[in-house]
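Take a look at this single chain in structure tokens; it is the form predicted alone.
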Amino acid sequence: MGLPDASGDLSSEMEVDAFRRLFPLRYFERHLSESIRPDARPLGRARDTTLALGAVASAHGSALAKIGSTTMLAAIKMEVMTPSTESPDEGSIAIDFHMPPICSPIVRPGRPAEAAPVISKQLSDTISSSGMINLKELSLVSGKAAWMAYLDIYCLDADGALFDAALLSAVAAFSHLQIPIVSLNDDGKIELVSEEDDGAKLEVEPVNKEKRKLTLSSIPYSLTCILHKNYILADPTAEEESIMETAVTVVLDSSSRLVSFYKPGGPVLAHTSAVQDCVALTRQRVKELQNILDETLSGMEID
């Protein structure tokens, strides 16, 4: 008695899947008219988000961020450099965003993904303009030595809202970062104190006597939204981004101050009301992400 029902369900699923592939926009619009998405999320809800700190043992700071299936791995390596003459009391930050072929079928081996340099620049501008990091904290000896923080972010799964996940992984990695101990050698040069020497009596007084964390302020968080007709979809998947092409990304800091608003073209105009709705959704999202980061940091302190 159950076989006809089972075959009927299978046939129905195949029809739905075929309709989704042949008429993707109509398929999504049928869901939007019911204020629901194919993955059962309300239009304004982001996907489940998780953070894990210390994902790369060889890095000075690292984090793994997941928003839905979108996955980012961020790692920071610290190196001593000579500061510029324009900013003798400041260090520097260099950010690279990588999209290897494993992250998406549209990324081909041997061809750099077009989105990678765009997201790299967007991340650099956001972290710089937010004021999250005081570059003077990266100074070691005025005019002679400062820290260069190399932040590399690898996209392991590109399922939409790449910038949001990349920024979250960057913020988490800097929250996890421990600045190494360094000392002056006999030649007057700065050198790293090895793990073996850490805690042992040093012949030379260290420049910084213990590992320390950066003081982060005005931490930026972002939310990407899709604009389609009169609908606003928060935290889109890659499929939603490919079908409904108008996206906006709002970046707010932890005090709800607007850091940036990014709209890379698209056929739908961002009217004032739509912008206000996107900002309101981002405010809610900032609170969620702050709680997730705080809980993750608290969990690490307990461990």
Partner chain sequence: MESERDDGRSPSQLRPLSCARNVLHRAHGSASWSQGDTKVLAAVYGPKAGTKKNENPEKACIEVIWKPKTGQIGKQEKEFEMILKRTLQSICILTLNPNTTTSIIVQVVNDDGALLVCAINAACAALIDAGIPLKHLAVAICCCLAEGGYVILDPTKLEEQKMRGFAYLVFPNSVVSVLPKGSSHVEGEPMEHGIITSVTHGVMSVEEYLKCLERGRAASTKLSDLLRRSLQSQLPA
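Residue numbers count along the first chain shown, from 1. The structure displayed is predicted, hence computed values, not measured ones.
There is another form of this protein, the form predicted together with its partner chain, and it is not shown here; the text below is about that form.
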Only one of 275, 238, 43, 56 has a non-hydrogen atom within 4.5 angstroms of its partner chain in the predicted bound form; which is it?
275
Location of its partner chain contact in the predicted bound form, chosen stretch of 133 to 141, 169 to 177, 115 to 123, 72 to 80 [non-hydrogen atom, 4.5 Å]:
115 to 123
Can you confirm whether 102, 150 and 152, the three residues that make up this candidate site, all sit within 4.5 Å of its partner chain in the predicted bound form, judged by heavy atoms?
no
Wondering, does residue 95 line up within 4.5 Å of its partner chain in the predicted bound form on heavy atoms?
yes
Consider residue 266 of the chain shown here, and say whether it contacts its partner chain in the predicted bound form, taking contact as heavy atoms within 4.5 Å.
yes
Look up in the predicted bound form whether residue 261 has a non-hydrogen atom within 4.5 angstroms of its partner chain, and give yes or no.
yes
Residue 20 versus its partner chain, in the predicted bound form: is there a non-hydrogen atom within 4.5 Å?
no
